[in-house]
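A single chain, nothing else alongside it, follows as structure tokens in the form predicted alone.
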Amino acid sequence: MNFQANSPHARDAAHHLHPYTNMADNEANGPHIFSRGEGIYVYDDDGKKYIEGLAGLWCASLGFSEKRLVEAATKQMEVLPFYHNFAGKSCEPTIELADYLVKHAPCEDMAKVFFTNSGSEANDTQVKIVWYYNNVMGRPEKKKIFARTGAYHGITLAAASMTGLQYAHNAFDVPIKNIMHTTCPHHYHHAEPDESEEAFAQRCADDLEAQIIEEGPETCAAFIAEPFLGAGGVIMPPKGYFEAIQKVLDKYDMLLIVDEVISGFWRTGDRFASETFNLKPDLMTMAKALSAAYLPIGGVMISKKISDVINQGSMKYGLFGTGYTYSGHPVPAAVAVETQKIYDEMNMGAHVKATSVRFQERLKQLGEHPMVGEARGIGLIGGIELVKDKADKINFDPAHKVAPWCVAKLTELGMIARPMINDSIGLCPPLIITDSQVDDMFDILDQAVDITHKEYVSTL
């Protein structure tokens, strides 16, 4: 593509190293530039309007024009634009946010929040806290953390190691030591013929226990899990899965880290998906919809059990030697506080539960398409998996990039979604979406899947 000299496209292609982008393609073809947003819609630099079907990156829960969040940021910028939280210092928005989150935690024994700037930083911090916890407890060998194949936990060094997707590992020398992976709990692909969800869930737990025994229980510290796998394809847990896993963790004195980066803040209809799936985390990760993505902020919530041990560590080692310059930054904290107020005033849980009825109906209907092997979801999140053979659950050759082709067609038709592993397509609209907008979204998706089936797949 020939770019106009000094145009934004040319300057981006020349100087911007993008995340999760084929950089050779970007240099050749340039970026897709977006200029503004309104409600659930975004507009590119040509003025074309799109339904943002993934809420940006699973995060823009209140859409793209919530003025109260702009006002909250502006007000805080005028009063105290920055202060840090090191050495016992604090500021009012950070205190208010931590207090609110603990008081609305999914289980009663949550005690404190450590703030970060992203979910990746938060999950890196989870690893450090688990290792610190066991060192203080006098168990320096108890360090191995188990994640799942297909999981996504971020892209910093330890978080990328826990992420169980190959593209996050290629050429980066991860996973690091003490990060293990266990069975992906995707019944559709990994169950034996006629194996029930409950039986498959128990087999996943048995696989985990076998790994723990092989590694040595005295070396195994924690298990990290998204309530449902997000970027790994929007995979719902099979029935009985977490109950079976929790029994194994209790048996071997291992901590449960629940990664609520995508699932937290009403995505399932509950404030946290830990409530939806009855999880009892020892540690919990949050980000994304915490501030509706208007400013970067993440957090680690820890139980009293963990907090008490950290206090013991401080008696031994002095200061708790981890943190970030912008941990608990007052401006993102103020925006996150206002975000929670908006959720509460909107009765967001009731809205999601009502709107998700239509969302899940349309998702299920799409699952009847001859090219859709599985349609899966909960609340206002879903995924479809495009397959070559529906009866035998046979995927397309990855080289054909069927889901990326379909997503490109979606973009052409005025909707943004995300292609994922196994030719899955993720759907995660802003929580403020209405029933009629849900229908608009699925009308476009139905059309794109049909076109992909008739015009592209038929040529393979």
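The numbering used is simple: start at 1 and walk along the sequence shown. Just so we're clear, the structure is a prediction, and the values are computed from it rather than from any experiment.
The next section is about a form of this same protein that is not shown, the form predicted in complex with a small molecule.
- Put simply, Glu385 is far from the small molecule in the predicted complex: not one heavy atom of it is within 4.5 Å.
- Taking the partner from the other structure, the small molecule in the predicted complex has a heavy atom within 4.5 Å of a heavy atom of Tyr152.
- Taking the partner from elsewhere, Gly119 is found to have a heavy atom lying within 4.5 Å of the small molecule in the predicted complex.
- For the chain shown alone, Arg267 is not a contact residue for the small molecule in the predicted complex, no non-hydrogen atom being within 4.5 angstroms.
- In summary, among the residues Ala292, Met284, Ile262, Val234, the only one with a non-hydrogen atom within 4.5 Å of the small molecule in the predicted complex is Ile262.
- For the options Glu374, Asp124, Glu338, Glu226, the residue carrying a heavy atom within 4.5 angstroms of the small molecule in the predicted complex is Glu226.
- The candidate stretches are 153 to 161, 359 to 367, 202 to 210, 79 to 87, and the one lying within 4.5 Å of the small molecule in the predicted complex by heavy atoms is 153 to 161.
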